[in-house]
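Provided below as structure tokens are two forms of one protein chain, presented individually as structure 1 and structure 2.
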Structure 1
């Protein structure tokens, strides 16, 4: 019920989804249920107080409880037995009144997810803040833009960072939008009717939700897992989004590219045999964690088709898949955050790489400048021919353009030079950077206070 390998998760998220944390959340449910039933007049107030006082995780042997759970079928069964004995006396018979095992476990999961959303949102915000700073700082840092891993057109590194910023911003927006739909209490009793509570079931559900700071659903959702599926999908998207950032960092750090590298730290990024190596470790582990997270999404989505009123296998698969999914997603977010925070940007190398193909990265810009004079088809043909001559002669596009009489008749030497200046062909990069910054800054105020 908890992530295993600490290399691919975040410690804080692993703690939120540990077996002990699940136990604490189940006890929160039992205490809140007693208080809600007392408020509804179903059980005496002093009984509710006794149950509340007994719901302390330190009173229980976590390891023994989960060992028994493997035989009993759920940890709720041994927990309710032990809690009843702890409360003792006549009050003990009111423990877990009207509820079923899944009510305690599902509500505990929702409470864990709420805390997990908080951690993920904080991590995405940290990524966004770093990317916003990079966007501003590198508006005029020109670098090669690449399509299919080949140089295409010049872009600003600030624009690349702004696209990363957009991913973080949308990830935060997605998590905030999820809260209202998925953070709902579970209380349905044995078959989703709350028959044991008679006509008071809906009222107790509302009071329970109020006690826990959750929403009350229209009806119990034991075998209808669309909310859980939506959470899994959103986490998969979040993991994949930060995985894209990690991929870019890994590629920028290649020896042959060398445009950005992760920051130096003692013992980080070395090799057991190659003294010169400086590996992008945080981005690499982020990619691994992202792939692990994405691999768990089909497990949760595949469990959506559940049987009748309670599932045989699908719900139970969530117990392992969801903690790991939250853990790996958090691991990917955290590792990308560290990689970005220490990112070293080599503007000089970016500029040098623009000239690797003899200025042919500016072929479109030259054709665009010629088109008003010659028409687009002729401009394209002339520039393509000039590029071929540059390759065959071992010179650059600037030289072959100046040597072409038709090009020179359409554009002055100064006009050719302007057309071949990468800094002059960044299009609407500034506008897009400003839009990404504005969207991120609009999200900066914290959401409603978190229970």
Structure 2
């Protein structure tokens, strides 16, 4: 219920999904239901006002209530009893009119999810903003591109940051697209017909949705949890996406790579006895949190196969899985945000690493430069030979290229140097950076201030 270890979650998200917060959201539902039913003429306006007031003022022993819920089957049962008693008298019997336990729980969940999306969007936006700045600043910072962790061709660090930025931008777009589909109230009554409200069910549902700023669904969805599944899946994608950034940070921070390290902070990541260490603590915990988040996705998806009009087990599993999933996803997002915000980029080391393999990372570039003169096959053959010679003689490609008569006949020493300059072989990196920046900047800010 409470994924509160701050190492793996974001405290603000943990607060949104705490056991107490859930009860408050349920009271928000009960209050809004009463107001909606008063507007629909089903219960008296003063009764609705009394219920509304009681919901706002309610005090309860959270732990005791959950202990009772574990026996009763839902927290709604003790909560409604308590609310009925608080309202008291004649008015009390109008509490929760026509609704079922699941209506309160699911609508509370939707309200929590809405606030959770806000937090996640904020977190992704912060990541995006940092990555945008890194992209701009490091457009010309040349570093090795690595495939299967082997140096392949030079790239710009700004391009890597732009690709991270793309993850954040698309993550925000994905969450926004989701809102329209999933932020709907739940109101179906005991078996999804709203029979206890006679013919007024749809009208009350729409008023309830209006009261809560949510949409009204076509029909109740007690046992059709595809929307919930979609939310879980989207969070898994978000967690995995920031996990990619964290992976890169951990790898860049390796002692032998040393191209970027997390910023220092008091008490962070160091070791008194191992002074050379700069542990990538935030990225590490982000990776842990992402693993934890993703593990919950199949729990929610596996629970979609629900029985009849209300499930025995699958639905209840959501109560624990979704708070943990939001918490861990937010934790991963937040810690990647921190890691990026303090990232120290070592451009000199990036440049030095490009030379590690005797300049052979520029072999393709040299062959490309020679191709117009010698034809591509001959160019590739010559360069391969020069590379072999560099390896066997322990020198580098620049040296063996200069020593090769055919190459020298085709290219001047300056031409060879230019062909072997990584900064000259970045392809369309600049365009890609521009596009990633433009897409991020095109994101509209969130439409409204948030409570």
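As the structure is a prediction and not an experimental result, all values here were calculated from the model. Positions refer to the first chain, counted from 1. For the two forms, the rigid core is made up of the largest set of C-alpha atoms that agree within 1.5 Å on superposition.
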>> These are two forms of one chain. I'd like to know which is the form predicted on its own.
In response: 1
> residue 181: CA shift of at least 2 Å between structures 1 and 2 after core fit?
Replying inline: no
>> Rigid core aligned, does the Cα position of residue 88 differ by 2 Å or more between structures 1 and 2?
In response: no
>> Could you check, with the core superposed, whether the Cα atom of residue 115 shifts 2 Å or more between structures 1 and 2?
In response: no
>> Could you state, for a rigid core superposition, the Cα shift of residue 375 between structures 1 and 2 in Å?
In response: 2.3
